[in-house]
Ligand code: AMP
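There is one chain below, alone, in structure tokens, taken in the form predicted alone.
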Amino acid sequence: MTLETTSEAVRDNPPRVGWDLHCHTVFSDGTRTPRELVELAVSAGLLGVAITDHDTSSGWRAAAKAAREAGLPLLRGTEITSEFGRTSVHMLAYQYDPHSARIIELFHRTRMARLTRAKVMVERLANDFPISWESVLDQVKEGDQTTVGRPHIADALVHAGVYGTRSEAFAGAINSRSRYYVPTPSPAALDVVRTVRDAGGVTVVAHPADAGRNRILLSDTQIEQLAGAGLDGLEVWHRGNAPEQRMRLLGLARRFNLLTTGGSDWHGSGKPNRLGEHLTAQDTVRRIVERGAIDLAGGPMRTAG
């Protein structure tokens, strides 16, 4: 698989054709398999797609096999939850060496933290709702390879008839302002950037200006500090970033020489987000691949640090 290159600078309008670089499957909180992701991406006319499940690379092999058979280029990625002060920061890590000891240790810690947090939330919810840890595990599609989180709790509540949809559950009992909610201990955003960089990967802040996720958004100074630590880009084109915030992010990308990406944050039927609703330009994907430790076929590009 190869990429045809074009010259594209940071621009004020999202690309009309390109790649969707933010997609989740059953290996975390999505509802579709990697193969279904690839098939839907082909049907949507995307130039390529990225798999970015939470805190895992477990879905990469299945996605790569489906992509090869479909002739669709694939970026390998992961979404990592971190924090910077009082702000939750989601990092999209692309094309890193999945065998990096630091990456493996990071994912082990974050997955265990998510699991512990989920169990505590279920214990609290079980006092008032027909839910159990077993009913949550029934919603997990790939066993121990799945990163378990709040969406699986939401699905268990839907299965029990408490809510009609996952979105309703997130607006209700498992909302971050609910008395049942338990925050997840997360690594520092600066440490995540350095860890991914050490593994030869490329980091992009996901939905950095989504006020629906954070009351306090990342400041210009914090983004500058992340750029100084090796951050590669900002996900500008995302439904959660308001128009005025997109312009702010574009300005910061120019100022700190950061890539600008777009992604749908697709979860199948788990969210209303449509696959391909926001895209990343082909030239930007080329730059990500050039910087990464692995190529589009999953082989080594260079030796990770």
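Since the model is a prediction, treat every value here as computed from it, not as a measurement. In this text, residue numbers run from 1 along the sequence as written.
The form predicted together with this ligand is left out here; the points below concern that form.
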Is G48 near this ligand? Define near as a heavy atom within 4.5 Å, in the model of the complex. no
Using heavy atoms and a 4.5 Å limit, would one call P151 a contact residue for this ligand in the model of the complex? yes
Please tell me whether any heavy atom belonging to D29 falls inside 4.5 Å of a heavy atom of this ligand, as the geometry stands in the model of the complex. yes
Taking this ligand as it sits in the model of the complex, is G270 near enough to touch it, meaning that at least one heavy atom pair lies within 4.5 angstroms? yes
Of the options F170, F84, Y163, Y180, which one has a non-hydrogen atom that comes within 4.5 Å of this ligand in the model of the complex? F170
Which of these residues, R109, R124, H159, R117, gets a heavy atom within 4.5 Å of this ligand in the model of the complex? R117
Answer range among 241-249, 37-45, 262-270, 62-70 for contact with this ligand, defined in the model of the complex as heavy atoms within 4.5 Å: 262-270
For the stretch 39-76, return the residues whose heavy atoms include at least one within 4.5 Å of this ligand in the model of the complex, in the order they occur. H54
